[in-house]
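So this first bit is one chain, no partners, the form predicted alone, shown in structure tokens.
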């Protein structure tokens, strides 16, 4: 008899979601996590004495279905108040967005924003149910699978003829084209583009799917607005861990998995358990990996167990991230010129070309001349993240190449940090005098410290050829893999990354059906 029904590798949010659903159905489930705490990139950790922060610093589309079904509110989860988003201007003429209202732009832009944002939210709502479903294979589908395709078509058809035509027209547009069609304000265009490109290696002019990526991020009742849950990101992660344990899940931290055990006979191969870093062997009816596809199939399983056509497709997945993360421990609250209280999202990208030129630099392996930033001071929303009277600043930096020309030396990191600080000082004069400690995490750092190939938020690029029934590739897009007994449930699965929970939910559904 196996030690467990299911062993899950990785206690990120998707691994915890999958574990809770499986245990709720009566399975004996073990979750193995290499780190000392759960959460993966959403884990909250101390980066300077008394100062705590998460790499993934906000929520904006975590599944309410998961919240309800796993009873996360009973375990302390509170989603937090929605934030405004402000596009900063060097002259203090900022653009502020709250819901479907925008300030700091012309009346024509304000009217266009209200109308078109409502339409995009309608599109996002039509797609929302299908992020929480496994996308069927193409060909030889069961009746249930055919019904999934039919439901997608019906949802879009119910938009009405005009809106459906508009959906198909814009879904594959470069985000820049959509912005130029609707708005005049450069800052508004850049701010709205941010959620279409953040976490990816695509620029505003990139074709095919940046608008679809934005609609994915607009899923849920918040309409894409961001929030910090009570307790910070730890509030969600701890609730997920508690929900899993309440169902009987065993969580083991500080337990890195060395390899996935495979046994074979005349009937073929099968995953039968795992080998830990200290040599301990654990057996299970199935192994479920919440890590990225390349790490799963190459580092943990081994290419020798797979057909070369499959390994070639996995090897070709685009997995190099282009987001760096800056954390600052501050002795006081910085003063952003023209901002009364910096308690929302602050975007520093004065125009569309700010993003495009930074992307051009990254494409050639260079540091961005003018870094584009998303800045938060999460301690204003969750005071427990910093000592009384002091604050944490958390900033995403786009675009920063995983493979830097000349390599990521300490000199290169210092140069990038200097560029980011110089950019921040243009909008918050004197901020450098408040810095007690700074931590800069490049994509290479994210890869090395969090074991995410390429340091990519989504484990693999969220692009047309790596989405839906092609994510991460066929023969693995429905969570099962070419190796019986081995499943995947990480961000490299449909629907994608971000702290959303869909991959873990969908994987559990496939395993249990």
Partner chain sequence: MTAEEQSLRHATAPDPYADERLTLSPFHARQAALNIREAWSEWNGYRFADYYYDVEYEYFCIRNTVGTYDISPMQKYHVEGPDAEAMLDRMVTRDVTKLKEGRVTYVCWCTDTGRMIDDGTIFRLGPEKFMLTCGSPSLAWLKKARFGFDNLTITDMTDNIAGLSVQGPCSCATLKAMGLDGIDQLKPFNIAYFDFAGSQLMVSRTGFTGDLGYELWVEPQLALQMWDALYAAGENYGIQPYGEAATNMARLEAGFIMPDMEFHEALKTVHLNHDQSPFELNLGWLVDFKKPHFNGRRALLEERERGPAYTLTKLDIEGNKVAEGSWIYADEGCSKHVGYVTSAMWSPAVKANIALAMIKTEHLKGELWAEIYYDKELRQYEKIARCTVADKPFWAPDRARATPPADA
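Residue numbers count along the first chain shown, from 1. These numbers were taken from a predicted model, which means no experiment stands behind them.
There is also a form predicted in complex with the partner chain; it is not shown, and the following applies to it.
Hey, in the predicted complex, is residue 142 touching the partner chain, heavy atoms inside 4.5 Å? No, residue 142 is distant from the partner.
Is there any non-hydrogen atom of residue 406 lying within 4.5 Å of the partner chain in the predicted complex? Taking the distances in the predicted complex, the answer for residue 406 is no, it never comes within 4.5 Å of the partner chain.
Would residue 269 sit within 4.5 Å of the partner chain in the predicted complex, counting heavy atoms only? Residue 269: yes, in contact with the partner chain in the predicted complex.
Closest heavy atom of residue 305 to the partner chain in the predicted complex, within 4.5 Å or not? Yes, residue 305 sits close enough to the partner chain in the predicted complex that at least one of its heavy atoms falls within 4.5 Å.
In the predicted complex, the residue from 258, 363, 103, 315 that sits within 4.5 Å of the partner chain by heavy atoms: Filtering the options by heavy-atom distance leaves 315.
Within 4.5 Å of the partner chain in the predicted complex, heavy atoms considered, which of 92, 429, 277, 264? Only one option qualifies, and that one is 264.
Which is the contacting stretch out of 163 to 171, 295 to 303, 381 to 389, 365 to 373, given heavy atoms within 4.5 Å of the partner chain in the predicted complex? Among the candidates, contact is made by 295 to 303.
Decide yes or no: are 320, 445 and 454 jointly within 4.5 Å of the partner chain in the predicted complex, with each residue judged by its heavy atoms? Looking in the predicted complex, the three residues 320, 445 and 454 all stay beyond 4.5 Å of the partner chain (heavy atoms).
Though the partner is not shown here, which residues of 457 to 493 have a heavy atom within 4.5 Å of the partner chain in the predicted complex? Going through 457 to 493 in order - heavy atoms within 4.5 Å of the partner chain in the predicted complex - the hits are 475, 482.
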